[in-house]
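The chain below stands alone and is given in structure tokens; this is the form predicted alone.
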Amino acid sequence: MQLKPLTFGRVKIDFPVVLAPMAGYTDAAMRTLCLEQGAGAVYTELTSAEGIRRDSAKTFQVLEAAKGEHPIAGHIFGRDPQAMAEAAKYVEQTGIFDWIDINCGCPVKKVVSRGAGAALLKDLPLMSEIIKRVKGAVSLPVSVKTRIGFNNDSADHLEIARMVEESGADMIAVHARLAKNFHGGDPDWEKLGEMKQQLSMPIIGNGGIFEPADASRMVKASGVDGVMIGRGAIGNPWIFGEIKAELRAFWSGAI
């Protein structure tokens, strides 16, 4: 299986192995280091839409970026469609970011208890409305970061994939575990492959990547268009360069 440069909207990621958004970790310093070590793109930490609406200085600090951080996504979360649209407009108006990313997968209690993050997987109509409102508010491409489901009783991975694409998103990144499982158990890369087969838009796979061979296995097992690394990059920004070397045998485009 080959990885090719990933394009959605006006964004092109030459090497589609990217750094995941992680609260408390993916600040400008970490993002810059990962880009220097070969990451194809980076995301900000989770940025509260309500924080932007309320002019929170702490929230605005999350959106600070170093010179030359590209491609970079402004990663926002919330449950109110209007607040999310306003936040997306603000992120675009900074002139810093290449695209807007909507968090629909964070399983942390303080986010889910607000009805945001992974809680949206239990309310697909609301999740769809948020995507549509954000997409309509900005000219930048819009992507969604999510999971294969909240639990076994909620919408499944194919329902989620279908809704995200029909709502107008340009790209989706999916953590291959249920939100209820956080980071426990083996990621279900087979479900990523099923989503890939259904979608016209690009899909980036996330979950279970801690060494270069993991990335190769995910790509070969699922056919995803890109790979996202979270915890595997904490303290190890070199993993991106190592994966680039690992995937070189499968590469069909220019690096």
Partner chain sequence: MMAEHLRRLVELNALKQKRIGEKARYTAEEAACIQFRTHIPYYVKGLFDKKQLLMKLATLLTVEEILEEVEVLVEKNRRDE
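It should be emphasised that the depicted structure is a prediction, and the values quoted were computed from it without experimental measurement. Residue numbers count along the first chain shown, from 1.
Heads up, the form predicted together with the partner chain isn't pictured, but that's what we're talking about next.
125, 156 and 170 all contacting the partner chain in the model of the complex, non-hydrogen atom within 4.5 Å: The answer is no; none of 125, 156 and 170 reaches the partner chain.
Only one of 35-43, 48-56, 189-197, 216-224 has heavy atoms within 4.5 Å of the partner chain in the model of the complex; I'd like to know which. The contacting stretch is 35-43.
So in the model of the complex, is the partner chain close enough to residue 201 to count as touching (4.5 Å, heavy atoms)? Taking the distances in the model of the complex, the answer for residue 201 is no, it never comes within 4.5 Å of the partner chain.
So, in the model of the complex, is residue 245 in contact with the partner chain at a 4.5 angstroms heavy atom limit? Because no heavy atom of residue 245 falls inside 4.5 Å of the partner chain in the model of the complex, the answer is no.
Check residue 237 for me: does it contact the partner chain in the model of the complex (non-hydrogen atoms, 4.5 angstroms)? Residue 237 belongs to the contact set for the partner chain.
Going by the partner chain in the model of the complex, which residues of 19-52 come within 4.5 Å of it through any heavy atom? Result: 24, 25, 27, 28, 29, 30, 32, 33, 36, 37.
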